[in-house]
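Single chain ahead, by itself, as structure tokens, in the form predicted on its own.
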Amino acid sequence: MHTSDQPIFAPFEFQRGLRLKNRIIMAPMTHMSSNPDGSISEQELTYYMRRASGVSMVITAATWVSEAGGLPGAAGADRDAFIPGLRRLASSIQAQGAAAVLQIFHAGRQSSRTGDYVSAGPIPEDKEGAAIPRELTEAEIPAIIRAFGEAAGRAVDAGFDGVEIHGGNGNLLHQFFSPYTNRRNDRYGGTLRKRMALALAIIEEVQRTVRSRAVKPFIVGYRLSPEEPGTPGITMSDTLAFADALTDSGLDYIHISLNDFRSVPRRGADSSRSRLSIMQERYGHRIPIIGVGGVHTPSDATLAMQTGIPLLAVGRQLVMEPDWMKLAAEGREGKIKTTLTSNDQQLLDIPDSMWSLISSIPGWFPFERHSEK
């Protein structure tokens, strides 16, 4: 197959007018490499520039909207002082030919730079030493909604092409949507629809801010995790109902966070079909769906796109092989690097903190072990 015939190389245009040169996006991945104060570091810039030239869009690592919900080593967008660094990040990505999207989040019970761990309720993470979060009061929630809007406004001012509201992978918005962590009986919990209320209010505030300040096409997306393994927990039927509301909210895309694009529902939907194919069939004619997970080679990407989804996010593979798209375009799939070695950090421009994180989590990245001679 010629590269021009492969679906991953076809251009794509969002309804807002943002045009992408192909269908492959760099997925948001934690790198822990921003400066200690939350400003953008030089290593961070180098890391993104190395990977932005082939893909059509880069979604940054999660950037906190409030220091109380900030992750150490992550970037911040909660004050105007961060705008110059964010502008350098956006322009560095765009200079390589990719659109730049800032992912914004609040960690909730997962992390706090101030020591004030908060959540939908006082339920800690299931890990040793986890902090018991305090339940956010209804009166505190409007400030968090405003924080997302203000962070999105700073992304506009910094020249980004969009923001992605991170509502998956266990962060605060995930905690409010989950029936396990959200046992409230107020306007933000008690029913499925009320568990969506915080996310929908944030989407509305972000869109209001963006539309009042953007002078060029600027997209707003939402990332979600479709299911939780435990009971009670988020089911696929919960997510389908949520996706109905997200689609009606005027978002530009929905990003499904998965470990493997082939994965099937645990409960609440047809388990003979992948989650992506179900989402695409139900919503793909109304809103673009971004899929992610288990895409290692261009052949994997082509297979994933057979579900009908228009866009694919690639994460770990771009860390290991920054030239993934170049090799794919040249028809040299066999040359794509799919493992790391202990000598790869400098070769691949992986920041120090990210390399330490990769090395400390067994199985997160495949390492090639060489025997001593």
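Residue numbers here begin at 1 and follow the sequence given. The structure displayed is predicted, hence computed values, not measured ones.
Below, we refer to the form predicted in complex with a small molecule, which is not included among the displayed structures.
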Check your understanding: Only one of 30, 53, 46, 345 has a non-hydrogen atom within 4.5 angstroms of the small molecule in the predicted bound form; which is it?
Key -> 30
Practice item. Heavy atom within 4.5 Å of the small molecule in the predicted bound form: which of 154, 223, 275, 195 fits that? Just give me the one. Key: 223
Review point. Picking from 288-296, 125-133, 236-244, 207-215, which part of the chain touches the small molecule in the predicted bound form when contact means heavy atoms within 4.5 Å?
Key: 288-296
Exercise for review: Indicate whether residue 365 is a 4.5 Å heavy atom neighbour of the small molecule in the predicted bound form.
Suggested key: yes
Exercise for review: Classify residue 166 as contacting or not contacting the small molecule in the predicted bound form by the rule of any non-hydrogen atom within 4.5 angstroms, answering yes or no.
Suggested key: yes
**Study point:** Contact flag, residue 258 vs the small molecule in the predicted bound form, heavy atom cut 4.5 Å
**Key:** yes
Exercise for review: Look up in the predicted bound form whether residue 358 has a non-hydrogen atom within 4.5 angstroms of the small molecule, and give yes or no.
Suggested key: yes
